[in-house]
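Shown below, as C-alpha cells, is a lone chain in the form predicted on its own; questions about how it binds or moves come after it.
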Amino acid sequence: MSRTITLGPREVGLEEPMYFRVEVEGETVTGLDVVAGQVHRGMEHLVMKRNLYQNITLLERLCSLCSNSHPSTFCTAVEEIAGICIPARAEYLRAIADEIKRISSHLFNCAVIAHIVGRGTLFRGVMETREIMQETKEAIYGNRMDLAANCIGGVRYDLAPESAAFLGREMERMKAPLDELYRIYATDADLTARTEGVGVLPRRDAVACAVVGPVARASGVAYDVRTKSPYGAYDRLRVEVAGEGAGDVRARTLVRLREARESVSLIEQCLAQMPAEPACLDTLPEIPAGEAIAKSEAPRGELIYYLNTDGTDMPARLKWRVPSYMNWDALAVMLKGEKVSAIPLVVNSIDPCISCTDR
C-alpha cells in the first residue's frame, strides 16, 4: 500500500532545514518531492542594496564550505566587465584559496558519510585530517571559514616566503593521511557493503538531470570547469579530473577523496609557479556599464554568476546558479527503489547545501 511520509533535516542527518515528501510502498521509496525555502534570506535582493565592493563581503557569507568560490567568481564577473587583467600572482593565490576550501569541504562530507554508516572512529580520523586544513586557513587567512581573500583586481592577502614554506609543509603533511583515507574507503569491506550499489545515478540520468561536480563525475560525466573552461591560473596547472562510473554513494565518496588529493598537488604547483609581483591592482577601478557571466568549479560543482552593471557602483542585476540546485533533482532517481533507511546516506552523498539553494 502506497503512502507519503514527511522527513525533516533531523531524520536525514542535515544541519540545515530541508524537508522531503517521500512516497513509499512498505519500506521502499517510490517517489520524492524536495520542499525548499525554509531559510530563504533574500540574498539576491540584498545584493541590490549594496555596492560592488560591499557585495564581496556579503557573498562570502552565502555559504560556509564554499565561501571563497562565491566572492572570487563575482570578482571575476566584475573584472570581465571592467576589462581588468589581474596580476598572475593573484590568479595563483585565488586558486590556492579555492583548493584549500575544496579539501576542507570534501573531507567534511566524507566524515559525514562515515558518521551515518556508524563508523565513529573513521569519522574522527577524517575530521582530524581536515583539522590540518582548518589550522592552515587560520594561520594564513586568520579565519577557519571565511577567508576574505578576494578583491576586485586581485586578492587581499599575500604569501611571504615563510608563509609559502609553511603551506608547502602542511600540504606534505596531508599526503599520507589522504592516501590512507582513500585506501580505507576503497577497500574496507564494511564500508563497501554499506555504500556500493546504494543511491545509483546512471550516466544517462546524470546527463538528463544536468548534475555537476563530484556527483556528475562519479557517474562518468567528466565535466570540470577547471579543465573545460579554465579560468585564472588553471590554464597553467595540470588538473587531473577524478572520475568513477558506478554512480553510487561509494563512487561519490571516492571522487571527493581523489579530488582532495589532487588539490594538494594543485596548491604545490601554484607555490612553484607563482611569480614575485604585486597581488592586486594599486588603484580602485571604475566599473562601466555592461554584463558578464563568470563561472568556476566550486567544491560541489559548477558555480555561475551573472552580473549587469549600469555605470554606477551598484549592480543593476546580479544572479547566480549554485551546484546544489542542479543536484537536488537527481535524488528522485537515486532513491527510487531504495529502503527508507538509506535516505540519510543517499541525501548526504550529494553534499547538498541548503544555504546556497535557498539563499
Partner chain sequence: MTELSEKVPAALSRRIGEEVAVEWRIDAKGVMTGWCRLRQGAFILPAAEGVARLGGRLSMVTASLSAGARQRGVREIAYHFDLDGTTLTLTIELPLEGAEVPSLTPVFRNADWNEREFMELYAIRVIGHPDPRRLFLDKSIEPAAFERLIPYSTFTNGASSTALWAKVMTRAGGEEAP
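All figures in this text were calculated on a predicted structure; none of them were measured in a lab. Positions refer to the first chain, counted from 1.
What comes next is about the form predicted together with the partner chain, which is not displayed.
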**Complete:** From Phe166, Phe108, Phe123, Tyr231: within 4.5 Å of the partner chain in the predicted complex by heavy atoms is Tyr231
**is_contact(Leu65, the partner chain) in the predicted complex, heavy atom dist at most 4.5 Å** = no
**Prompt:** Would Leu52 sit within 4.5 Å of the partner chain in the predicted complex, counting heavy atoms only?
**Reply:** no
**Message:** Given that the partner chain is not shown alongside this chain, does Val29 nevertheless sit within 4.5 Å of it in the predicted complex, heavy atom to heavy atom?
**Reply:** no
**Item:** Touches the partner chain in the predicted complex: Ala208 (any heavy atom, 4.5 Å)
**Value:** yes
**Item:** Candidate stretches 220-228, 142-150, 264-272, 114-122 - the one whose heavy atoms come within 4.5 Å of the partner chain in the predicted complex
**Value:** 220-228
**Within 4.5 Å of the partner chain in the predicted complex: residues from 285-303 (heavy atom criterion)** = Glu291, Ala292, Ile293, Lys295, Glu302
